[in-house]
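One chain comes next, on its own, written as structure tokens: the form predicted on its own.
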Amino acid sequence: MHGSGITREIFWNVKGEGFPVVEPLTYILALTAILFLVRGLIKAGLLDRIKMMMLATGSDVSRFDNIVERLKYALIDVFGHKKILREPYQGIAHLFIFWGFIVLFAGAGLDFLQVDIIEPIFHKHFMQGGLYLGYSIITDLAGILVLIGVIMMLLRRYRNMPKWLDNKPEDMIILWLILAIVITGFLVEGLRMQATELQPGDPMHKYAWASFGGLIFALPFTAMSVGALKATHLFVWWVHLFIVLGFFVYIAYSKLLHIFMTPINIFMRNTTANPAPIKAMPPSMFENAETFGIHKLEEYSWKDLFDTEACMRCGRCVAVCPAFNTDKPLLPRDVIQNLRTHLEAKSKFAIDKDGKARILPDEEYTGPALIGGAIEKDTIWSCTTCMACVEACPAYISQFPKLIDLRRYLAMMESDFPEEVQVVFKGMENNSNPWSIGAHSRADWAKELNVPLMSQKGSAEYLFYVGCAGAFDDLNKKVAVALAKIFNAAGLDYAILGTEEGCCGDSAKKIGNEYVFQTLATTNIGVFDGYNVKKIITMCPHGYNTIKYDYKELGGNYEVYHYTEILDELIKSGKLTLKTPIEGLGTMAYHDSCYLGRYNKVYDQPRNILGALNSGTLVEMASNHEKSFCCGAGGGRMWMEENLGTRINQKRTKEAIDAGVKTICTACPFCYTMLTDGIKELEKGESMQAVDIAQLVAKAAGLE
């Protein structure tokens, strides 16, 4: 006994007079495991993949600016499981395993410190008294938490497995290895306790409760003799050690590599204002570049390729993907995993016998193609760019922007896009709107209203950028009219551009036609700057996001507001009074537009406005806020036929039906159109309606 007597002999029955070689043998085995890990990483192709990443020619934002802030965020996110806990069940299970292992590893470190440093050098035993009791309680609790976490994971994977979760042999191996580590660890503790402190007269008997996990595992061995306990203990100890070392080596061959790669990816996350940047092509490229977009792996940025290392196949991106959930061939996880597989396959062509990597000309590469091989065209065109995958990913991977880069190549180099998009491009080029309606009629919606034109007024505090839907679509013209009436009633200093306004270009950019987008954008920027525009109010979240972020890359810097942000402020300031009750709204739910919500975090303002109506009852659909389900129109899908699977807008409408909603409220022209169509397609027109928030405000303000 040492000091207070409240302690135990570390490495009892293992390190002692009878086993003088245990300590050096343990170190030799640990070193061997490290060597096997390194060998495994090489055999698994990590070095080759890194060489391929170094060949990447694509541009990228800085990933090493504000290092202190990045490190702080990464530590909080990794150790606090900030994103992982958004899904409580699997988040808690992972948290238990993660922190349990950290504590158990720290406990092993304390044992090493005591036995190999403190005792030999300072001849002291610090693991005693209250410190030892605390150590015992915390480490046993950690082991129990790991057990609970693993059991939760096993139940989820093998009893209640969701359809989006893939299942590979390595998943089972990992979980059973963890389970074996913890169980054999507890068995070692239980056997030791049964042979020592649980024996009659042992001074540590009354403190056995502190090792409650070991106490439970000691129960089956009460009838064994001390000699048998020692022999069994020694055998289990070695089994435990080899399982731990085997687990360590297996990191190289499995998704356990994310233990290292995911924290690095979190550190290198996108920190720009744009939550999901789709990198603009420099205008000079249109004159000098031989190709546009991406058709081979090396054209991605190194960070795009590093994303493939951080992906742990958790499937959260798949779970929230509207394309996958309506039976389309898009699984964001598989896009990333297929890129990694393609990276490994291409490395065999690009890396010579001397280990040197080079970019292969197309004619020299005879392996599977990136487009049509690693990633199918239907997969590329199924994406709605809703950003749900990026929002859900705990590794901060940018999934869908990689597909837009592929669309650029198909659209600009191959003219290979859905047939119906050809008309859209022509409309944008000839009339600056996707409907191909004459540009001269862009301001016709405002003819009967007192709407000021910028050309007549000269300047205004706000430019009301109406957008194509508000100018040309019959359904959404009503929204533009409502907003104009509201702005007039509130005395807002605003003006519109009328026929000088052009399409924002969002759909062209997301479909992949960067040339058309930049032509539209630079024309608009020229008009904006000609009137010295500083503040812009948009009706459409797509235009809002594009002018706010994408125009900046082309020199257009403006304060951009969505109309809900303005209306919310007008109501709060008393400049707009809502006093007229609206009949017939019933149970209302607000549909979060992807581009207003996930892209720009505008969640509260629309709900504040609906709450101020004092009409109807506001509820939430099952998918809301950052987990809102897409209407299906984003990413240019508004203009494409939905031939695969079921319709996304119908699935979203069914969520409203399930919530008992009578009025679906929107703040996006695309969403308004898609949900109106969804109600018609499901034959719910007599019991449900879709309506834009601006229309409700105009009614409540007595303007209609």
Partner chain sequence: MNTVVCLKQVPDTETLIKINAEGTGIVTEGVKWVMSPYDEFAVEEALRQKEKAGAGSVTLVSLGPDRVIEAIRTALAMGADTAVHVNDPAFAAKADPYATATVLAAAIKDATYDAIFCGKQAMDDDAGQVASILGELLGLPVVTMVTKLEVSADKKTATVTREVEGGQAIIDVPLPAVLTAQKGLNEPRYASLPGIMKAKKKPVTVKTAADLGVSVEPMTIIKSMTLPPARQAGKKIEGDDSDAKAVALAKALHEEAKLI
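Residue numbers count along the first chain shown, from 1. As the structure is a prediction and not an experimental result, all values here were calculated from the model.
One more form of this protein, predicted in complex with the partner chain, exists but is not displayed; see below.
*Asks:* Residue-level question: is D166 within 4.5 Å of the partner chain in the model of the complex, judged on heavy atoms?
*Replies:* Although the partner chain is absent here, D166 would stay clear of it in the model of the complex, with no heavy atoms inside 4.5 Å.
*Asks:* Can you tell me whether L360 touches the partner chain? I mean in the model of the complex, with a 4.5 angstroms heavy atom cut-off.
*Replies:* No, L360 is distant from the partner.
*Asks:* Taking 4.5 angstroms as the cut-off for heavy atoms, does G438 touch the partner chain in the model of the complex?
*Replies:* Yes, contact at 4.5 Å.
*Asks:* Would Q456 sit within 4.5 Å of the partner chain in the model of the complex, counting heavy atoms only?
*Replies:* No - in the model of the complex, heavy atoms of Q456 and the partner chain never come within 4.5 Å of each other.
*Asks:* At 4.5 Å between heavy atoms, only one of the stretches 286-294, 228-236, 389-397, 255-263 reaches the partner chain in the model of the complex; which one is it?
*Replies:* Stretch with heavy atoms near the partner: 286-294.
*Asks:* Taking 4.5 Å between heavy atoms as the contact cutoff, choose which of F528, F425, F96, F186 touches the partner chain in the model of the complex.
*Replies:* None of the others qualify; the residue that does is F425.
*Asks:* With the partner chain left out of view, choose which of F248, Y462, Y207, Y515 has a non-hydrogen atom within 4.5 angstroms of it in the model of the complex.
*Replies:* It is Y515 that has a heavy atom within 4.5 Å of the partner.
*Asks:* Judged by heavy atom distances of 4.5 Å or less, which residues of 397-431 approach the partner chain in the model of the complex?
*Replies:* Result: M412, M413, S415, F417, Q422, F425, K426, E429, N430, N431.
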